[in-house]
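Only one chain is given next, in structure tokens, and it is the form predicted alone.
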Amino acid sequence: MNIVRSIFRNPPLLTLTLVVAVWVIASLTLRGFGNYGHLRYLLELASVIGIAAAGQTLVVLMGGIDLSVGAIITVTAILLPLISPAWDPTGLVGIALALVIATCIGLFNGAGAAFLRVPPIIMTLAMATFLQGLLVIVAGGSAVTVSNPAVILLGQSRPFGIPAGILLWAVVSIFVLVLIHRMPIGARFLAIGANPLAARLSGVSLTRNTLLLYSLSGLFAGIAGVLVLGMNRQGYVGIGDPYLLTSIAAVVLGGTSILGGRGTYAGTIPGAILLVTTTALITVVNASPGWRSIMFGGLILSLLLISGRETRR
């Protein structure tokens, strides 16, 4: 009984328990679901959400939100093939340039929130709208095919039988977990999210940390865009749109307080896997998009009610 109570009181552990339970039940009832290849495929799909949600987790921990994640993913996927120089046989220069652009977009979001005092939800929404319009002008509605060797390798290779995207997600996860829980800057992020005024009076720079967090969010969204481009072999307007709400949902499912100041990326990881698994099960039963939205919303609301995370601040 104590074990059950501890699970319900620990949102990340609760989400992980749900993932394991769903996988076990689905493996026993659906033919082929528990195969290694299928589970590996689910993790590969979850890696994109997980990487995009890494930056989203950091921003939410500070009490903000980034609604430009999907647009940054799209920008990266479309611009990378266009800016990759022909003289670079590795393709790494193009990736580096695309990630710099993504990081600068995040930095601009942070600057608007820090210097102009624009609410993050408004600043990032305006940025997303601006980028979507810009991409329509640049791409003209047509898809851009990638020939960058490094991008193709990232999206298609399987070192030791494991998709490169999963390995990249593992590296990102370790970095974010160390940043939050093993470095002083992580404590500052949590302090700002819990009480910005107290953090500022304690000597924590809200401006510097805001710029850093939104830059990281842009960087991780850019990395997710590179991975999406490699997996799809082409970029087009709207390719990153599905990852905006899923990145936020993964954060919420993982137990991070949407008000900031409490949470961990360790919960976002199973949150991303749970989202992809739920989508796969809905596809199996051939549910309509309406029912898919209802099930997603119901899942998030159920976890919020069970954990009771927002009842106390």
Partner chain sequence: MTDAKPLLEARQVFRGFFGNPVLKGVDIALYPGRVHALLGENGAGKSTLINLLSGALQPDNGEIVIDGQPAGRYSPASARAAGIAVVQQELSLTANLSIAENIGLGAFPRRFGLIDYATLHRGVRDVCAMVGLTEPLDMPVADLSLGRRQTVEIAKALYRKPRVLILDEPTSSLSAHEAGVLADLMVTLRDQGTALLYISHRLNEVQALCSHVTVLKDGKVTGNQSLSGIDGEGLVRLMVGRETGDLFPPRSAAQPTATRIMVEGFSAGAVKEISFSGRAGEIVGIGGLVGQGQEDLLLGLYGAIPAKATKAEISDRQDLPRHVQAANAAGIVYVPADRKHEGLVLPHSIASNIILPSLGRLARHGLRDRSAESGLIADLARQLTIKGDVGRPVQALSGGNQQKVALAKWLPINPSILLLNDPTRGVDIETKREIYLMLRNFATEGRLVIIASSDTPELVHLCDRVVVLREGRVAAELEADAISEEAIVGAAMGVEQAGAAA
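What you are looking at is a predicted structure, and each value in this text was computed from that prediction instead of being measured. Positions refer to the first chain, counted from 1.
There is also a form predicted in complex with the partner chain; it is not shown, and the following applies to it.
Think of it this way: in the predicted complex, the partner chain has a heavy atom of just one of Leu197, Cys104, Ile174, Val138 within 4.5 Å, and the residue is Leu197. Of the residues Ala170, Met183, Ala96, Leu82, just one reaches the partner chain in the predicted complex with a heavy atom at 4.5 Å or closer; this is Met183.
Gly63 falls outside the set of residues with a heavy atom inside 4.5 Å of the partner chain in the predicted complex. Contact between Ser202 and the partner chain in the predicted complex is found at the 4.5 Å heavy atom cutoff. The partner chain is not shown here, and in the predicted complex it never comes within 4.5 Å of any heavy atom of Ala114. Although the partner is absent from this view, Ile162 stays clear of the partner chain in the predicted complex, with no non-hydrogen atom inside 4.5 angstroms. Only one of 116-124, 187-195, 87-95, 230-238 places residue heavy atoms within 4.5 angstroms of the partner chain in the predicted complex, namely 187-195.
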